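Taking the form predicted alone, here's one chain by itself in structure tokens.
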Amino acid sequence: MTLKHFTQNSDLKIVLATLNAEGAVIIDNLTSPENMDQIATELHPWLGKSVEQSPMKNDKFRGFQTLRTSGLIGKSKACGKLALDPTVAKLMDGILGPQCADYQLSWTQAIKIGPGEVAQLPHRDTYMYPFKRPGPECFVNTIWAQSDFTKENGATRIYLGSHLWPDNRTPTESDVYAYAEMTKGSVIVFMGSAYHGGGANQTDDAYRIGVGLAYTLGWLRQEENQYLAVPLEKAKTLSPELQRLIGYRVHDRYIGWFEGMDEELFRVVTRKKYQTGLQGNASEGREAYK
């Protein structure tokens, strides 16, 4: 079982159909190696530490040979650019768009899997949302390759089709998974309800580094508290598009408003047209917010 690879110029309808059917796709070389190098430089103060100094600590789930750091929008300008990637945005419009007026960034994390790390426990990223599975997707994850992903160095393992499994089914030894093997600058896009986990790093000296940026419906609470992860003074310097993406906007007129709204920060006060949250289209919703 292998993941299907596409390019930036692939037919969007085919990419979306594959994502809906299999739960994951890879877009090859969606950004340049130079952009990923910039992210590496910006995140070095956190990922350049020893495993014992991991900003997010270590445990069985996070890994004992793995470094992790979150709050990426506040730490890396280049990560902000990745979060707004237009190809990824089109996929989010197709998956999340039918269920909300706009989607938002939910979770950010850079993950550096070191030599000797064991495979991570397979899991879904939607455990915190009490929605029955299978059902409409509420969370979509992306992991960008800051280094080449190989089976040997810990490429993400994903159980294709598992986003369609019922709640009472979990992976067994008889279930087959695919490895997200991809080159630096490529990205895997997968449903949050698909079972997955970091792979074992069987190398002696190679690190597998990925940049995770996940998206969720605009009317759900974000997994990572972006208002604390991105300091207010930093948030004020972001582009209006990125401010909206991390949650500084009103969803469908009524979710997230407050008296005396700071127009300079929000850049959003009213909607030009109304769409119901369950039938809206995210791309139209974003236009309505402008």
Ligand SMILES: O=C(O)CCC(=O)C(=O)O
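Quick note: we count residues from 1 along the sequence shown, nothing fancier. Everything numeric in this text was worked out from a predicted model, so none of it was measured.
Heads up, the form predicted in complex with this ligand isn't pictured, but that's what we're talking about next.
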item: Contact flag, residue 125 vs this ligand in the predicted complex, heavy atom cut 4.5 Å; value: yes
item: Non-hydrogen atom contact residue 115 with this ligand in the predicted complex at 4.5 angstroms; value: no
item: Touches this ligand in the predicted complex: residue 198 (any heavy atom, 4.5 Å); value: yes
item: In the predicted complex, residue 143 touching this ligand (heavy atom, 4.5 Å); value: yes
item: Interface residue in the predicted complex among 87, 147, 76, 120, criterion: non-hydrogen atom within 4.5 angstroms of this ligand; value: 120
item: Residue (of 216, 162, 108, 156) lying close to this ligand in the predicted complex, criterion heavy atoms within 4.5 Å; value: 156
item: In the predicted complex, segment of 78-86, 189-197, 94-102, 127-135 with a heavy atom within 4.5 Å of this ligand; value: 189-197
item: This ligand in the predicted complex: contacted by all of 61, 68 and 208, heavy atom 4.5 Å; value: yes
